[in-house]
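In the structure tokens that follow, the same protein chain appears in two forms, which are kept apart as structure 1 and structure 2.
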Structure 1
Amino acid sequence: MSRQLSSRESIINRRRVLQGIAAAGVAGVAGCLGGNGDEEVDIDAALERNEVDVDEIVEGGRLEFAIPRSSISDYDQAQSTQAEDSVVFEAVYDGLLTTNSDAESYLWMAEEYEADEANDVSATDYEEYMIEVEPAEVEDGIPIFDLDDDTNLVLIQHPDDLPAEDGESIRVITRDEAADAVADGVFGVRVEGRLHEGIEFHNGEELTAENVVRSYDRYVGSDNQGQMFDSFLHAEATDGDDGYEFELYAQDPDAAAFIELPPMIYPSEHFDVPAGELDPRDDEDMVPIGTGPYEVAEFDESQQLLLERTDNYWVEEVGLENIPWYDGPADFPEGPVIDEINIRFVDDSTGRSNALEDGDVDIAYELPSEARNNFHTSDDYVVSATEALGFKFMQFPMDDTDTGGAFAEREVRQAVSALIPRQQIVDLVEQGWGDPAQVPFPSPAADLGTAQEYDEIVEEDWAYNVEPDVEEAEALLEEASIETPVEVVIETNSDDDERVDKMELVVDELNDSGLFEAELETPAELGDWTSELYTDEARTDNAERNAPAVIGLAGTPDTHGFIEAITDPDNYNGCCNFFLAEGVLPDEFVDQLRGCRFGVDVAEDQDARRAAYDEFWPEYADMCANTIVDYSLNTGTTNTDVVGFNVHPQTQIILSYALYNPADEQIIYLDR
């Protein structure tokens, strides 16, 4: 796609849009802070790191932290799929790895950890280890198994036995047979690791290799089962259950195995707790127990949750000097210094702004743009911002139906993408607190996603338009077989005012081009709307109505997650692939997509993986099954009592990172 910009002036009246957008934010902080009106705010200072003088750190105190939810969705992290649950519990559970502000991984509870072997295997290579199992039922050729052991699970199915038929057995390898395959050297990737000795859970139990191995049991039957076991094959405690060495195995030669394989690690008393039942709201004995710096002390449903600093944090026992990569100040604390974190549930963005202004909370995030501007320009508050891993995308229903079906033609999809006012969306709706999407992945995920510098790749001729290009859209539609104007219905969820504002700008651009007759529909709130989208009926209906879906997603540091979640047919009717079922996209395109992550060459050599992505990105942008609208800036706002706050690109660790991360010499303390 060309990035030639239209020379015409924007048809959007900036003052008119600003009067309507984020009005709640203006009202929410219209008290002592005042407002900025149409005045543009320079956010550069928010992008700079806030440094801490180690000699001035004050220990103790209680931090009031607001999250944008009405309650915890699920205390059980094996079951939870909500980012805000992770925001809280990442402070309770430490992992084998940690992540710095550039989304780079570092060893953490693992003293050693590396992928040391990859093999060229696929499902058929496991055939001699497979058993025959008759599915409990079959739905549209997809077998559903009911195994006797609650912790057993079918991992691999023989492709020649699919699609399944009622009454016929299928050759499969379950978790029980995986060990035999591994013993014979049949596996995709092996990751070897060793734990630091002396790590304790909050209950005093020592962390050993058994905890790593048995923690996978808790994911069987969970909402995260598919995500965990799509690659995982087997885990072993190589020097015994009470030892510290472990090996993790992936089914395929998977370049992301070292990031994707580790589970949340649980103490032995939780090994046999079924997924979803680790919840003190249902059983007071079911309190999450981790190895992180904070313990769950008190909770009040829909009001607050209190975390207290644990008295046996493992870093204090192991010592920072024994973390292999640490080369920071010798007197840097060996754990966070704040005693208590009071989690406040404030689901309304204006409510969080008001709570911050009134002094009820110390830190809040996901505030309205206008409120964020007002806090940023006030001497009494600090806003920290960083390029983030969250994004908004538009997915096109590509089925060729009797009615509608316009997006079955690539040129029509590309024409819509060419008209998206990405820069205006960021400038007007986000008021500068975001980035227009120029390529299909954000800057913090670039480390493993390209061999080029990010500011070079965004200049490629296939990159997305940031301003609407009517001439390009016209040229594209002249190549299509469909008559203009093309009727289009853009859908998004009703409970996100800023997202609705963004799509109204898109609808205006489509209509003013004369090439489309577009309208915006907001069928329901996010949960209700997406549950309807995860059906074959929705896929057909949206294709007939030429109705692309627009939604947001929080990514991870691994680049592949961005394209896999929203594009790979294996993830059809999973978050967040609504329309791209098997057969919709060309096989060679899907093979190229998967080849960026799976294969011995990319699994053994990250440079080979980067080169594979650089060949794929132009094809991805050209296919335009999805087009990215914008990338988030993660922002957090604090009062000046909080010293040293820096926000992280990954929403899920925004709290735990701010509290303590030696990789960036990151720590906060309270000065009051």
Structure 2
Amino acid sequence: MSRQLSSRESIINRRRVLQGIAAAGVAGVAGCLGGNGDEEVDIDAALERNEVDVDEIVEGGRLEFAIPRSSISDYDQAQSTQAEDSVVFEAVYDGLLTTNSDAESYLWMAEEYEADEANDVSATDYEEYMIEVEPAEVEDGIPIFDLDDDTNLVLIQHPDDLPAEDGESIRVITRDEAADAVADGVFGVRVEGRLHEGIEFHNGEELTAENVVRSYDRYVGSDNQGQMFDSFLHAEATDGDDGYEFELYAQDPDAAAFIELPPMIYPSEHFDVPAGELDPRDDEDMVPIGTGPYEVAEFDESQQLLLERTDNYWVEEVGLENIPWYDGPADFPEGPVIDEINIRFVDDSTGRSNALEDGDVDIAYELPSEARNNFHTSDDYVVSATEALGFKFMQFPMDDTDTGGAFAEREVRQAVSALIPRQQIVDLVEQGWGDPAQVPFPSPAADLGTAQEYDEIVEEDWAYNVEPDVEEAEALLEEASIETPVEVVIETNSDDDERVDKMELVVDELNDSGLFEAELETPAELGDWTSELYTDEARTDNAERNAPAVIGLAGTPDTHGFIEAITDPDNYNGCCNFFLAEGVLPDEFVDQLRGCRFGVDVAEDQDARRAAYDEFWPEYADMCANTIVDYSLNTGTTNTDVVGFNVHPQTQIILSYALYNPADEQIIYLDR
């Protein structure tokens, strides 16, 4: 399960970047005050793991950890949609699974956990279990139901009854009927699991299968409802509520189900707390209680949140030797060693950098790039970096409109993609702290995304070029029926300076080639702009103006996230597919895309899934409906009091991973 990705070296070799822009133009007289110029910043060291010698671990201490927010948005993880909330609460709640630094999944609280059966079902296969329900409201053909039971909701709607109309009932499966369907063997995927015995919540309650099954109730009516219940079908405690065995069912034969299904797991006293109310700032009895290594000790409205190490952490009870995959040193600690974590809310990057410099915080992430370079070159700080899951993509409006419509032709899309100066974007704007995109998914998402090694697949001839290739672009445009220069407008959101800087480089490159007459437009801030983009008018309008749109997203280790959200027509006019409505892309193409995640073979066999992706990638790159610009690096900076810090590719688990993760023998301690 722990395939080593040897991709790093090849990427690292190119990562010797001039700190200045000097290479790009007239070299200014280097000022003595600036101390800048042609210094090279070599970030290899940041990508290497910081190892810990088990014998030198010091127990105790208080860690000051800065998160880039002004406060916790929501203590209730069933309700919270903020990544930074999770950074904190991932240390309070442990999951059924955990991930290592390559974002591969490992068993954690689950002793066993496996997708064991998949069936080829779709919504209509549930027909005989469906009941007729009249929606309380219909908005734009989308029915909104109001069921009597607060923990019940509609999971599946009959496609023939949609779009809904006022006053007409619709055939649906609710959670009640889902149980019947599952009993008859109608389901997409079944995941079977068994919990370790002896896991306790902070309040002393033992974790049993009931906690897994009932925790789903908390998501009904929450802001995360849609996300949770678009794949979840049913959960069952197979040897009784007090037992340890459970089964989770997904609606579709979904290869990603085993990752997507597990909820945050709550103690029984919180089962019936409505979503959003598990917040001690509003009711001091409502303190989050999990099975993780830390408990919430002190809190107030905005300034204070102190986590304290729990005295009954389950790994100590269960024993590391009983974690099935663990083969590390026997004396590795059975839990984190730091006593307290003080969360500091510093939402401005300058403030985090200054606080780190002043010694007010020990760990901070998302620092200004220049400051990060200085920390990196200093002996008093350690910067840890890793390839991460954030990506910037450009989506082309593919409609063949009378005016404009240039991007209806594949060659024109490919020409633009060929001219994107990906390496330069990373070198200049990120100062090397990023990766130019070569394939449509980043290396931490490669586990189930290809059978090849990541550094092999980036050498494929369909891979994106990192240096702009004018000749190729010229050749492509000659094949196209369009006259050059092609007028294009690159659009991106206005509230991200770095993104705007990057697109300026793209526009410069397009213009320099003589093949395009490009302009950059920043219509609005992200939220306002996307709400305009998610309309049919925008799709036509952007096609007429030859205006591809560029935004950034944070993916998950599941490979599919990198193509589905931005390509699948089901997501059209939702995040983040602006232009690719039903019918824009060929049906076979869409079917092939979906087939990489949904299907009995891919759901049951991970190698089948890898093979499906390997077949799809050349098609996807060739279609070029989207092209990826770059992938992010996650970086975290610590002072030298903190020993052993390694940043994780998933921002949400930066803190919990650093504190303790036996999968990589990861642990931090304070040496003051």
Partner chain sequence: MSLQKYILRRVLTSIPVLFGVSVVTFGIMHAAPGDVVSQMVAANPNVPPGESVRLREEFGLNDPIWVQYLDWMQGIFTGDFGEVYSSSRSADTIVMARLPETLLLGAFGWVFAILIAVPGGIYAAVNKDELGDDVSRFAALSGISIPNFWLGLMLMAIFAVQLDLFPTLDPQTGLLSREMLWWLILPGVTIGTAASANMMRIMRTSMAEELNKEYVTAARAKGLPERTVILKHVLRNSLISVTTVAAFLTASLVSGSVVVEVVFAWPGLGRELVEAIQLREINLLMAITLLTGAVVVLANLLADIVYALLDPRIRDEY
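Whichever C-alpha set is largest while still superposing within 1.5 Å between the two forms counts as the rigid core. Residue numbering: structure 1 sequence, from 1. Remember, it's a predicted structure, so these values are computed and weren't measured experimentally.
The form predicted in complex with its partner chain is represented by structure 2; structure 1 is the other form.
Comparing the chain between structure 1 and structure 2, the hinge between its two rigid parts falls at A388, out of the candidates L207, L515, A388, D252. Of the two rigid parts, the smaller turns 12 degrees against the larger between structure 1 and structure 2, judged by C-alpha superposition. We note a C-alpha movement of 4.3 Å at C624 between structure 1 and structure 2, with the rigid core held in register.
In this core superposition, T403 moves its Cα by 8.2 Å between structure 1 and structure 2.
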